[in-house]
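Shown below, as structure tokens, is a lone chain in the form predicted alone; questions about how it binds or moves come after it.
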Amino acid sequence: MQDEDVSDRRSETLGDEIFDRILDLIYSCELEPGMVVNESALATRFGVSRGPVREAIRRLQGIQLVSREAFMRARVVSLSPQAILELFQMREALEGYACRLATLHMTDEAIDKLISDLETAHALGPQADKTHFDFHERIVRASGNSRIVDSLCGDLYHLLRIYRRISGAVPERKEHAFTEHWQILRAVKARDAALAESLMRSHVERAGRQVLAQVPETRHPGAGGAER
């Protein structure tokens, strides 16, 4: 019985590891929206059987990062321009208000820590990904509104992160984003809730326009039944 428990724990640990590794491939856009998620190729790459990979793909379907229709291969979800627009409109409204609340609720120490972490992430450049610093998640959680946190930091967070990464893939946009983050934090530190909300809404709206400019109607001509 003890041996079975150890085996189950190892299986769960391996499953979590494979899930995280595929998630990283999606976040980095090595597996782009619309691309096939090939079980066999991933199993070979990770040096495991197809079982843990298949389970990881099922979990990714559960959080709506992977789509699979009957008789079709699994693909990274690919949103239509209209769906992307609606996603960023929702972000603009919710993150804008979250920023207003964060301005009112964050302590001076928390604000200074966020400023420090933002500057550190910027100085690290591409290496910042390894620190898992997420400016938007920090602002949302600082709002103290559990409904907004659940909406933006739950399962939807993964989909939001993919399209945020696409908007930040252009080098000049990355620099602009840092400047905009810094301006938002200046407003937060000044306790100007209206300005902080306005700056966040403008920041998200610009990011949405950047994504729409980069995502054509059909990213992968052979996408078949995947959402386009």
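This structure is a prediction, so every number in the text was calculated from the model and none was measured. Residue positions are given as counts along the sequence shown, with the first one as 1. For the two forms, the rigid core is made up of the largest set of C-alpha atoms that agree within 1.5 Å on superposition.
Quick note: we don't show the form predicted in complex with another copy of the chain, though the next part is all about it.
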- prompt: Looking in the predicted complex, any heavy atom of Ile57 within 4.5 Å of another copy of the chain?
  reply: no
task: Report yes if any heavy atom of His136 sits within 4.5 Å of a heavy atom of another copy of the chain in the predicted complex; otherwise report no.
output: no
message: If we define contact as a non-hydrogen atom of the residue within 4.5 angstroms of the partner, is Gly144 a contact of another copy of the chain in the predicted complex?
response: yes
query: Can you check whether Tyr97 is within 4.5 Å of another copy of the chain in the predicted complex, heavy atom basis?
result: yes
statement: Answer key: of Leu118, Ile111, Leu101, Ala74, within 4.5 Å of another copy of the chain in the predicted complex (heavy atoms) is Leu101
message: So another copy of the chain isn't shown here. In the predicted complex, which residue out of Val48, Leu159, Val66, Leu195 has a non-hydrogen atom within 4.5 Å of it?
response: Leu159
message: Pick out the residues of 83 to 102 whose heavy atoms come within 4.5 Å of another copy of the chain in the predicted complex.
response: Glu86, Leu87, Gln89, Met90, Glu92, Ala93, Leu94, Tyr97, Arg100, Leu101
query: Quick one: once the rigid core is lined up, does Glu39 have its C-alpha move by 2 Å or more between this form and the one not shown?
result: yes
Ile57 C-alpha shift between this form and the one not shown of 2 Å or more, rigid core reference: yes
statement: Taking the shown form as reference, the Cα pair Phe19 and Asp150 shifts by 3 Å or more in the predicted complex and sits closer
query: Given that the CA-CA distance for Leu114 and Leu23 shifts by 3 Å or more in the predicted complex, does it become closer or farther?
result: farther
